[in-house]
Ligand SMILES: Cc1cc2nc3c(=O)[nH]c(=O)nc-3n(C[C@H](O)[C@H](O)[C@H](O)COP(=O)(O)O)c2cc1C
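First comes one chain, alone, set out as structure tokens in the form predicted alone.
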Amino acid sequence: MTTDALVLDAAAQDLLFREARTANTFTDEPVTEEQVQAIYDLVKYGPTAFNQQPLRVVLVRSTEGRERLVQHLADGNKAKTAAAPLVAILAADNEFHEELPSQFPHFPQAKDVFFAERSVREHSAALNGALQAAYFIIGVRAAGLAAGPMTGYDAEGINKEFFGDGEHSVLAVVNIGKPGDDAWFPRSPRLEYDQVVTTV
């Protein structure tokens, strides 16, 4: 079996990938600040270009915050987001380059050499922020929680509502918690190895 070729044991493989699913319902068990910090403290080590770290996370815990968010979601995402124990807005900070002198110290000039232009920063922040968002979802699973990531929303509305500075771009909205009743849709098919991988 291919699972035997991996160092990670089969139970961990199942937890992170094979049995993990996008959750649509959750129990009312709260997600603690300690759990979220543990998730971040794990996934912050995921690789990005130039060690840039554009991901920014807004935890929506208050009723008022939830109402502000839900109004910008697609209709099919509103009820489950209103009921989720915790919602995280994942966004890319397009001014991430300001942190590069401390986060990429062996070449602090990268801030100006590579990222002086806004359009270059936006492209890089979108790609590397999406990588970090994926790491975040895997981290949620590693904490024994389920994630319900969504991109069905009015991005401009969320950006204005939660990031009024114009420097952030929403990447995903993620519901987080313990899965509830009928949490999963049927597993969708996946492409096989030979359909994806070629050798040259």
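So that there is no doubt, residue numbering starts at 1 and follows the sequence shown. Since the structure is predicted, the reported quantities are computational estimates derived from the model, not experimental observations.
As for the form predicted together with the named molecule, it is not shown, yet the points below apply to it.
Contact segment among 160-168, 146-154, 27-35, 60-68, judged by heavy atoms lying within 4.5 Å of the named molecule in the predicted bound form: In the other structure, the partner sits against 146-154.
Output flag, K80, R141 and R190 jointly within 4.5 Å of the named molecule in the predicted bound form, heavy atom basis: Contact check passed for all of K80, R141 and R190.
Residues of stretch 96-110 in contact with the named molecule in the predicted bound form (4.5 Å, non-hydrogen atom): Nothing in this stretch is in contact.
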